[in-house]
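A single chain comes next, written as structure tokens; it is the form predicted alone.
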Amino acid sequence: MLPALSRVAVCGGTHGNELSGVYLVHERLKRRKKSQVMEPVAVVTVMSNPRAVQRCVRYTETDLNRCFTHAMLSLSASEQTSYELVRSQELNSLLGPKGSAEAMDLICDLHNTTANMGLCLITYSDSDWICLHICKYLQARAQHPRTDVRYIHYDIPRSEAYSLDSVGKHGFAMEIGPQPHGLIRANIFMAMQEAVQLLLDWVRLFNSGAQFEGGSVDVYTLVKNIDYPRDPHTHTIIAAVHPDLQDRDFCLLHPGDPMFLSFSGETLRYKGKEPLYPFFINESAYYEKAVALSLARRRKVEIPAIRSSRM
């Protein structure tokens, strides 16, 4: 048996221009004020980066979703400290502290991507039975058209995990796309809204003592990030993602397959030694991070049956 999930947080606006999460949190907060919402479980709803949301930008000074390592959360704040670093420490106090018994049992942080990734749960563990069972539940029940649900694993030690969801005992980023930053698409919003409701339904069932049968989940573990080809002297980008690769997130990329098309018309091919699965292909927010796409290995993870010690 696993402990019940008595404290759950749904966060949006960690990046202020990823508007599905922003407006989903707006709606949840508005309905809560009007007492029009009956939650299947007690939920804390948080607008993570209100200053960036107000300006409709990813962040104001530094990327909030890179500020949650133990080292950054331990820094002493001063007048020169960035707004986002101060805000990360505020969120750690509200939802954590990270790594403590008082931390939220589950954090779901809502994100959009410009990449054609469908709906992904991104987490730091490939053996968190709670997160894996939630993914399995979403895969079986998500009804919104073209909402493929996948599980992405970043193999990073918990202390070095940098995103907001890592503050909880269990947590993941719910990433959904494609959607350009700074606008909202109805189909993407509705798919995220459905997924959040299914997540809360799962938590209610789990806390009631229902047993969830075992099975398997395909896990995509990050292997490496690939930068755009660059001029060796100016470091400016000299090629774009190849048309044969664009929008083909999670389609197996084989050695020799086209990866980039240079601005002079030359096809640049994948030189890796093994086939891997690309994702975050041409994500617009990652140009500043020198990431054209990420590559992952896929493996099937067997998960046991679980139930909670009832609340």
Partner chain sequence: MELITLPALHRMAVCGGTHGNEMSGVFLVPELERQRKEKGDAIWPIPLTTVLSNPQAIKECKRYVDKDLNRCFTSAILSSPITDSTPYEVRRAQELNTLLGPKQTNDAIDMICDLHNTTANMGLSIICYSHTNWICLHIFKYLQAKITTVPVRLVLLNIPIGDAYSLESVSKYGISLEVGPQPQGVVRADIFNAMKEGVNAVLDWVKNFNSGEVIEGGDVEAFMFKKTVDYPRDPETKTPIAAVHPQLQDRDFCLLKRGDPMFLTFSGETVRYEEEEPLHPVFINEAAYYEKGIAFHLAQKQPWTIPSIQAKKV
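Positions refer to the first chain, counted from 1. From a predicted model like this one, the values you see are computed outputs, not experimental measurements.
Unshown form predicted in complex with its partner chain; subsequent notes refer to it.
- No residue in the set 170, 172 and 226 has a non-hydrogen atom no more than 4.5 Å from its partner chain in the model of the complex.
- Looking at 87 to 95, 150 to 158, 186 to 194, 216 to 224, the stretch with residues near its partner chain in the model of the complex, meaning non-hydrogen atoms within 4.5 angstroms, turns out to be 186 to 194.
- Only one of 58, 70, 26, 66 lies close to its partner chain in the model of the complex, with a heavy atom inside 4.5 Å, and it is 26.
- A residue is said to contact a partner when one of its heavy atoms sits within 4.5 Å of a partner heavy atom; residue 255 fails this definition for its partner chain in the model of the complex, lying far away.
- Its partner chain is not shown here, but in the model of the complex it comes within 4.5 Å of a heavy atom of residue 30.
- Although the partner is absent here, residue 282 is a contact residue: one of its heavy atoms lies within 4.5 angstroms of its partner chain in the model of the complex.
- Its partner chain in the model of the complex comes within 4.5 Å of a heavy atom belonging to residue 237.
- Of the residues in 114 to 143, only 114 comes within 4.5 Å of its partner chain in the model of the complex through at least one heavy atom.
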